[in-house]
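So this first bit is one chain, no partners, the form predicted on its own, shown in structure tokens.
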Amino acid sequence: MRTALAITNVELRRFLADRSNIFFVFVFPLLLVLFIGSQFGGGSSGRVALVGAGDLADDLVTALESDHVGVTRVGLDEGRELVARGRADVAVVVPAEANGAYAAGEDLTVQVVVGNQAQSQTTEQRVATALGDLALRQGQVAALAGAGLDAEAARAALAAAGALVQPARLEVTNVSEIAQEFAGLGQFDYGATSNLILFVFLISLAGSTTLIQSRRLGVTRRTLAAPVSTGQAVGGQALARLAIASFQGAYIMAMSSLLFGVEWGNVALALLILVVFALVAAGAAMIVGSAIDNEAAAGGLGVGLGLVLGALGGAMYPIELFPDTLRRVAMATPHAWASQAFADIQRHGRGLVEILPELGVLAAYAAVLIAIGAWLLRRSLARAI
């Protein structure tokens, strides 16, 4: 066992010696989590760029922030740019004349620039509701003032009446299966899960080139010249592939939780799913690195295969949104089963018994791929390049 671990250590050092691997392992996955979360995350409370000043703008900021909507006060050009770049859901332009109409309790007009983000329409409705509430309150104050009551006394009376009256309770039930599937999912949760599945497999296949380098540079030949059996050499290489895949997944889990507050559900079960899927990735990497003798070809095939299987298996786009036919095809990939297992514990709070079918399928994939990979690797150790 010590010999196999020594071989594993050497392979890991050679993998990390490639500076491009450091970027793709440590930096790129987190950048994608951030990008997907900022563009498509459903957990954000809304972002508004507010242009203008005066009582209406001030009261609107207070109303939106009390509704947990983030408000940034900017100039006109900057507000439009924020919406165009997806950094704000909507921009609200409050003209100077609107303040006079607001003070008089009259109808007013503001300009709302709506972006094309996933929740822009929702944020627009929240802005409209806040404006409607403000206009209604000002209209009530104006009506009471017209009846002879002092404006400040009218505001105090309305506030006292509001405290005494139980507000109406509105409960919305969305019957959409898709909406229910993603209900309560944090802004960065889906991006973190999908990128974990994508990069565990992709980095493993990309790292398969070290197997070819070992044969080309004579590392394998010198290893077997020592008192090392073929089984130990194969075991060391398999452990190295597993270590690379497992570390990639654990790193994404830890950093996404720390930086983005991603909830993984039951952490022990999440790590179990990761390890089983890492075994699948390790087996695939052994096959690619043993069957091909050209590093460039193996790297290209590994990246291409990793991206195609990732896209087909729901690691780039939610499999729940696939057409029925494509969804059935997707279930032929291990990525789809890993995605379903993570969804079960992350979104639905399910336990070990509920995810046993997914774990069983992934374990079967791992057993087959590792067996084929070990056989091909054993044959390749005696093949010169």
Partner chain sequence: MTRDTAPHPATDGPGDVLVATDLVRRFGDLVAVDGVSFRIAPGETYGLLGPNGAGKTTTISMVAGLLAADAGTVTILGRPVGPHRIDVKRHVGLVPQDLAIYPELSARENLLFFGRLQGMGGKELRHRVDEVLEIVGLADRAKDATKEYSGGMKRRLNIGIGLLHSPTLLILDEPTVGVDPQSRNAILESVEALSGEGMAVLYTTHYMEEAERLCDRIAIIDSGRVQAEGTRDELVRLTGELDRIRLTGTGDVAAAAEAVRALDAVDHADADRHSLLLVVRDAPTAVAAIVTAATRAGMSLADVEITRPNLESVFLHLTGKALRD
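A quick note: this is a predicted structure, and the numbers were derived from the prediction, not measured. Numbering follows the first chain given and starts at 1.
One more form of this protein, predicted together with its partner chain, exists but is not displayed; see below.
**Request:** Using the partner position in the predicted complex, report whether S214 sits within 4.5 Å of its partner chain, counting heavy atoms only.
**Result:** Output for S214 is yes: heavy atoms within 4.5 Å of its partner chain.
**Request:** Report whether the minimum heavy atom distance between V228 and its partner chain in the predicted complex is within 4.5 Å.
**Result:** Because a heavy atom of V228 falls inside 4.5 Å of its partner chain in the predicted complex, the answer is yes.
**its partner chain contact at S120 in the predicted complex, heavy atom, 4.5 Å** = S120 lies outside the contact set for its partner chain.
**Touches its partner chain in the predicted complex: L271 (any heavy atom, 4.5 Å)** = Although its partner chain is absent here, L271 would stay clear of it in the predicted complex, with no heavy atoms inside 4.5 Å.
**Prompt:** Where, among 186-194, 83-91, 214-222, 285-293, do residues come within 4.5 Å of its partner chain in the predicted complex by heavy atom distance?
**Reply:** Every other range fails; the passing one is 214-222.
**Message:** Going by heavy atom distances of 4.5 angstroms or less, which of A371, V10, A364, I22 would be at the interface with its partner chain in the predicted complex?
**Reply:** None of the others qualify; the residue that does is V10.
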